[in-house]
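As a starting point, one isolated chain is supplied in structure tokens, in the form predicted on its own.
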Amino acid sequence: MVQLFKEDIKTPEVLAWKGVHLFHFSGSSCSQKTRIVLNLKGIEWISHPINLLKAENYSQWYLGINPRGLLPALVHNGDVHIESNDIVSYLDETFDIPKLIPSNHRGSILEQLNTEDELHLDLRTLTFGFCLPTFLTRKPPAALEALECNEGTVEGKIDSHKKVQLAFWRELAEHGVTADQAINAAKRFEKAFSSVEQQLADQAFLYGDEISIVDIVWFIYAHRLRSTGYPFKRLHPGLTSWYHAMLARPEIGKEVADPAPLRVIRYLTQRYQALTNSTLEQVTGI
């Protein structure tokens, strides 16, 4: 679990903050996941929006809180937690009811969280390849330079994680999303959601009759993938009732509702892809 040391934090005013504070962006899948957990557990929290489209996450002020420049970041009584699955696990351990990681399934749930986390770059690949136009996905060179030059530490050590981030964004800027990347990402998701579908075959949620953290994380991925044109209804028909039951919960549905301008942009992007035979299904063949 990633909790920054005091010496990692170069924006010192947050060390004095009391209560639960969340740095987040409305359209960030990891932010959505975290807000849903806060809602379901009834935790009062203070919102600190960071606009990814304006690269505010690469400001020196925010890099002083999370040296990886990622969202979300949680500050709880002056302690800073980064990485969304670590954050939601921390929230479930710290705040009692309802428990979203039941103790009798903890090992299996943590394993599934790791599986979900390993697919995060695949989610980015399909999102940026089939959901948004290029001009919205490329990071400004100055923002990447700010991340590269940042000497922030994570748990007292120079963080190698930013090399992965820089490589992804530079590859995207230079080559866009290639067909091979899209195919590999789509196949990995098809395998993952086939397993989820099998697990849900005889029960309402992934661990029985009560919602758990893994329902939330897989719902977030399912919701995002649907917006890319991934053919959920055809490939995973058994997930339909589960997905709509999750979406209908107000604590969940409100956190994934897209603003009207984004819906228009996505519609126009995918209309262009349909006209040029470059939709997700056509490129990946799934």
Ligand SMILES: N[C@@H](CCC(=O)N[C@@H](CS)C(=O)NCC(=O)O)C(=O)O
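Residue positions are given as counts along the sequence shown, with the first one as 1. None of the values given here were measured: they were computed from a predicted structure.
Just so you know, the form predicted together with the named molecule exists too; it's not on screen, but the next bit is about it.
Among the residues L225, L38, L52, L239, the one placing a heavy atom within 4.5 Å of the named molecule in the model of the complex is L52.
Among R124, R170, K99, R188, the residue placing a heavy atom within 4.5 Å of the named molecule in the model of the complex is R124. Although the partner is absent from this view, D117 contacts the named molecule in the model of the complex, with a non-hydrogen atom inside 4.5 angstroms. Although the partner is absent here, L70 is a contact residue: one of its heavy atoms lies within 4.5 angstroms of the named molecule in the model of the complex. The named molecule in the model of the complex comes within 4.5 Å of a heavy atom belonging to E83. Contact annotation: C30 falls within 4.5 Å of the named molecule in the model of the complex, judged by heavy atom distances. Contact with the named molecule in the model of the complex, judged as any non-hydrogen atom within 4.5 angstroms, is confined among 257 to 265, 39 to 47, 62 to 70, 225 to 233 to 62 to 70.
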